[in-house]
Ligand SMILES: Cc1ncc(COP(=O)(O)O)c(C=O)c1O
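Below sits a lone chain in structure tokens, taken as the form predicted alone.
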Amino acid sequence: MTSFYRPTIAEIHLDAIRANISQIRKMVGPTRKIMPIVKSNAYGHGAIPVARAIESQVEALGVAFIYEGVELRRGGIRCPILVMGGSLGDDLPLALEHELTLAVRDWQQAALISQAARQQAGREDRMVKVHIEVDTGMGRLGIPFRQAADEIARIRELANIEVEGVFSHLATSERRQDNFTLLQLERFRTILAELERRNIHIPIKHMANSGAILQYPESWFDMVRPGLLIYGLYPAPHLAGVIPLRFPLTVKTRIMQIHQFEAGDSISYGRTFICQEPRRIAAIPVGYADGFSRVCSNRAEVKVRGRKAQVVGTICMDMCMIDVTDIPQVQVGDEVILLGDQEEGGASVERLAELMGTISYEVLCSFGRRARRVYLDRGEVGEALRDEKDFGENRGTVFSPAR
């Protein structure tokens, strides 16, 4: 292992992610399309390695922004990529160059895409695939549901536009038998029925995120969009175990130094931890710049030599301290597990989210952001990426390709 890397690493088991997608496939059936969401660097797991590992399993991949889709294309991903966040227009030529499918939020945006297609292609027969977003209650992007049928009909008349899909976002799908979710589904079905009445046939209709996949089968339509599920997490506690999932991520580091402190000694900024008796305190190279929030100071736990160790003192930008007094034979260089599944120890994503007052999505996207990624496939580690300049946030990883 090259010596200049930090000792903090994030291990990602690609076979676990594939296994999770297989479980989703069993649930929704073999004929329904699956479009995993790999935005935000695949929720912090590394978009290109994850996409490479799962591309043969799925029908499409979803990202938020055009640059994310371009990064995947440059990384060799050839399957359909839907850019769900839309565009203001300046980056449309790049999207067309890399044959990205674009979400459309209104007629004006569709007109910009139509114009860009004609200008770039230099011919009238260039068609750009789009999925039209309808706002059925999310209150974010999309055509308001009351105007959706009329607006979709207008968009279909634009030159160089192929309306391949129509979709909406569920706002509260993680809740049990939620009335608002049911209302959103009813609104979406009403729009689809009106389009059919007008003889407007759109091939791919989709609405189901992770929560809806697990408990609202009526939302599955032609395609589902799992995000959190493929990374081994459930969107709500009551959904745990609906399908078996494997957690693919372990974040670990190593002890940098160990000190013996006496009663009355203080630890870290602000002196928020005062030793009440002699304690052995270890310093580890992880801090809030890695996503280990200061809110976790004096609260979070890690695992050393199979035993829990409490974080003590204020978490610094690059370092934090842990109490190893009761851990026998601990020494400099010992492995510290910060984040992992219950068998590996450390904190779970759900526990860190609870401590931070946030959701597991945010923890995944932010925790260990400076950690070197190591990708394992069926327990084996591959060679280091040779051309790091093309891999954006995945730079400096070790990668084992899917087989």
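Computed from a predicted structure; not experimentally measured. One rule holds for the numbers: they count along the sequence shown, beginning at 1.
Form predicted in complex with the ligand: not shown, discussed below.
- With the partner left out here, the ligand still marks one of 316 to 324, 203 to 211, 264 to 272, 71 to 79 in the model of the complex; by a 4.5 Å heavy atom cut-off that stretch is 203 to 211.
- Among heavy atoms of residue 137, none comes within 4.5 Å of the ligand in the model of the complex.
- Residue contact with the ligand in the model of the complex: residue 169 places a heavy atom within 4.5 Å of it.
- Looking at residue 225, you'd find a heavy atom of it within 4.5 angstroms of the ligand in the model of the complex.
- Using a 4.5 Å cutoff between non-hydrogen atoms, residue 117 does not count as a contact of the ligand in the model of the complex.
- Taking 37, 48, 66, 34 one by one, only a single residue has any non-hydrogen atom within 4.5 Å of the ligand in the model of the complex, and it is 37.
- Site annotation in the model of the complex: the residue of 84, 163, 300, 281 reaching within 4.5 Å of the ligand with a heavy atom is 84.
- Contacts between stretch 349 to 367 and the ligand, counted in the model of the complex as any heavy atom lying within 4.5 Å, involve 361 alone.
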